[in-house]
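Okay, here we've got a single chain as structure tokens, the form predicted alone, with questions on binding and movement later.
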């Protein structure tokens, strides 16, 4: 069975991608499992640049088909912040709780109707030939006034999906993995990965 390297050490992302890419006929592995200690700075100015940068470097060092993503939360009332800085929004070592607290503090006093936001995910896949394929996914919602739910990770506890009336963190994984930004990008990525196997 061919290996697929997930270019991340984020446990939440690894857990989701193992579910989202299940049944494709790849053995999903991670940099630590392959003995790769390299940490790549996300120095791009777009999600696409960051995802492609990680995918190319890890594919080169592992010689495996590699999937990397960059994703973020864009809040309209904050002019698109935190955006590509979502993971580092409250500092490099900040916990998910600290990131959520900072975001809610910045939105203090902003009424419900102006709390619109969008989760974005860009996946880059680099196969044996070294060319990057890009897949995108988006999910639109609202920012809650307080965190709710124990599932998911990152900003999931404050991202409300209007069609469900619940935050991403209140949804079971099987529902989230049908409608999230990562799920939508992964549906396209599955097609690319199937083609690479042929």
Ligand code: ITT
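Numbering follows the first chain given and starts at 1. Small disclaimer: the values here were computed from a predicted structure and weren't measured.
What comes next is about the form predicted in complex with this ligand, which is not displayed.
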Subject >> Contact test in the predicted bound form: residue 99 vs this ligand, heavy atoms, 4.5 Å >> reply: yes
Original post:
With the partner left out of view, is residue 10 within 4.5 angstroms of this ligand in the predicted bound form by any non-hydrogen atom?
Top reply: yes
Original post:
Is residue 145 close enough to touch this ligand in the predicted bound form, meaning at least one heavy atom pair within 4.5 Å?
Top reply: no
Subject >> is_contact(residue 42, this ligand) in the predicted bound form, heavy atom dist at most 4.5 Å >> reply: yes
Subject >> Selected contact from 103, 87, 78, 110, since only one has a non-hydrogen atom within 4.5 angstroms of this ligand in the predicted bound form >> reply: 87
Original post:
Is it true that 26, 127 and 190 each have at least one non-hydrogen atom within 4.5 Å of this ligand in the predicted bound form?
Top reply: no
Subject >> Neighbours of this ligand in the predicted bound form among 152-175 [non-hydrogen atom within 4.5 angstroms] >> reply: 153, 154, 155, 156
